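First, one chain by itself: the form predicted on its own, in structure tokens.
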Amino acid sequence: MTQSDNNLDNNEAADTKAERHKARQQKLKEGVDAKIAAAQEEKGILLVLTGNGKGKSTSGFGAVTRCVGHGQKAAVVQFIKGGWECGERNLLEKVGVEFYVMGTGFTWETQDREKDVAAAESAWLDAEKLLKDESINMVLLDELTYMVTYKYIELARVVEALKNRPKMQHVIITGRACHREIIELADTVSEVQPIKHAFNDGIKAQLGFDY
């Protein structure tokens, strides 16, 4: 076989590979196009970001940033949040995002259930107002799952408020161990799982990266 024959075989193999790739991509495109054509309903999305991995709140704040970047209105309620500085709040308040902060910090620091319940109730009353406000396009309920787990806020109140919110309002709930009833109600659920975490190797939380 001559070099010319080898080159011809290689060119034919390359052509065949390219044709197969094109066929696969065309089939993929047809499937995606069909899903896009079928997805015609418009409604507010309930998104749950749960799991034991890092990045749930960060993802939620990313969605809030996207929302206001399109000129829409967003608000944030932070549960299990202390008085320390919050980089997201520093930025987003400047562009009109309202923040409501529970402010007592982690329950293992306060060790005062009565105080925590009262603070959770106050923050939830703010959340209920936001969930009735048609002018707000997106509400982030950061770390809400813990309030339900610890029974600081009744699950029934949360579910009722989510069900009765304005039709086009998006809501994002973050936190570990989200209650199954909220998961069932949600439109989209993402579970963040830990593979490695710097804190477990003795690396402390750092400004600009962790908070």
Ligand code: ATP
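Since we're looking at a predicted model, the values are computed, not measured. Note that residue numbering begins at 1 and tracks the sequence as displayed.
The form predicted in complex with the ligand is left out here; the points below concern that form.
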Next on the checklist: Suppose contact means a heavy atom within 4.5 Å; in the model of the complex, does that hold for all of G62, R66 and Q169 with the ligand?
Outcome noted: no
Checklist entry - Pick from 40-48, 157-165, 142-150, 177-185: which stretch has a heavy atom within 4.5 Å of the ligand in the model of the complex? => result 142-150
Next on the checklist: Against the ligand in the model of the complex, would Q26 count as a contact residue? Criterion: heavy atoms within 4.5 Å.
Outcome noted: no
Next on the checklist: Is H197 near the ligand? Define near as a heavy atom within 4.5 Å, in the model of the complex.
Outcome noted: yes
Next on the checklist: Heavy atom within 4.5 Å of the ligand in the model of the complex: which residues of 46-79 meet that condition, in order?
Outcome noted: N52, G53, K54, G55, K56, S57, T58
